[in-house]
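Okay, so here's just one chain, in C-alpha cells, the form predicted alone.
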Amino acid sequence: MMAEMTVERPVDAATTAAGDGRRTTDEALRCEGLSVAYGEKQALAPCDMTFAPSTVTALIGPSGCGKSTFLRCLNLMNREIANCHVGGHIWFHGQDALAPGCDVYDLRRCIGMVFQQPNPFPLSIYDNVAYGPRRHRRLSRAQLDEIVERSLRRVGLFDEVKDELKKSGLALSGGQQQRLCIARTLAVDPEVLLMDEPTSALDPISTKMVEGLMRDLARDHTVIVVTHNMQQAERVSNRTAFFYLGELVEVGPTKELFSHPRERRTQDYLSGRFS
C-alpha cells in the first residue's frame, strides 16, 4: 500500500491550532488547506492563512500567481466557474463555508466584494446603495435614507452627490463609481471586505482617496486586498502575503516581510530580480 503523501505548506504565524472551526478572538476568517484546481490544472496549492479583525491584508505577486483565485474563494465566487474545484476549509463564525449546505447569499452579505473595474448598477446613485438593504430587510424610507447617507459618507461621496441622488450611478467619474460600489457593499454591513485591485483603473487622486478609505474601513472591518502595486501594499496593509506560481510563499507583518523576507523568492520579487 502506498504511504500517504504529506504536503508541506506555508502556515501563517497567526493561524490558530484549533482545527475544528472554533473561532478565536484574534481571527475574523481562517483558511486551512485551501486549494483550487481548474479541471486537472492546479491553480492554487494547499495553503493556510488567518485574517484578524480590523486589519488590512495585502495579497501580492506577479500576474497569474493565484492571489485573485485565492481571494475569490473567500466568498465562493469560484463556484460560478465551470470545472473549478475548491478544496480545504474556510472557517467563518465556526462554520466551514465550503461545506455542503452553506448559504452562499448570506455568506456574500457578510463577506463583500469590490472588483477591479467599477461596476455600478444601471440605477440611480440612491438605488445602487439601497439595493442590498432592500433585498435583505424590510425597511422604511427613513431607514433606507439613513443607510444610504451613512454609506455614502463613509466613502467620502455624500457631499459630492447629495443633490443628485436620483442621477444614474453610471454618470459618475471612475473614482466616484468605485467609491459608490464600495458604499453599496458597505450598506449591508459586511464583516469582511474583499478588494480585487480596486485602484488599478483609477487616476492618482482617486487612488489616494481609496487607499485612505481602506485604512479607515479597517477600523470596523477586515479588509483583504489584491494589488500589483507593492508601494500600495506597504502604505495600506498590516500584513502581506506573497503568492508565486499558485503557491503561498510567505505571509507576515508588512514591515517585516518587506524589510526582512524569509524566502529567497520573496526577496527576488520585492527587489525586481524576477525575469
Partner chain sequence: MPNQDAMTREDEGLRLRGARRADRAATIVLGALVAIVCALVAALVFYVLSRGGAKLFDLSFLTGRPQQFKAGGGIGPELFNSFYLLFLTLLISLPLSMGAAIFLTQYAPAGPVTTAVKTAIETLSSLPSIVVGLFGMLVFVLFFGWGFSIISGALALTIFNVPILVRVMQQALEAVPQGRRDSSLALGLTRWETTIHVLIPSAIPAIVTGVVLSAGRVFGEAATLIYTAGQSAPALDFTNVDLTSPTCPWNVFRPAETLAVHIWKINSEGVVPDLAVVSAGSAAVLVACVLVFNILARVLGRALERKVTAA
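Just so it is clear, the model here is predicted, and its values are computed rather than measured. Positions refer to the first chain, counted from 1.
Missing here is the form predicted together with its partner chain; even so, the following discussion is about that form.
Stretch 112-120 is the contacting one of 200-208, 145-153, 89-97, 112-120, since its residues have non-hydrogen atoms within 4.5 Å of its partner chain in the predicted complex. Of the listed positions (161, 84, 188, 102), a single one reaches within 4.5 angstroms of its partner chain by any non-hydrogen atom in the predicted complex, namely 188. Proximity of residue 173 to its partner chain in the predicted complex: non-hydrogen atoms within 4.5 Å are absent; the residue sits far from the partner. Heavy atoms of residue 77 reach within 4.5 Å of its partner chain in the predicted complex, making it an interface residue. Taking the partner from elsewhere, every residue among 72, 168 and 184 has a non-hydrogen atom within 4.5 angstroms of its partner chain in the predicted complex.
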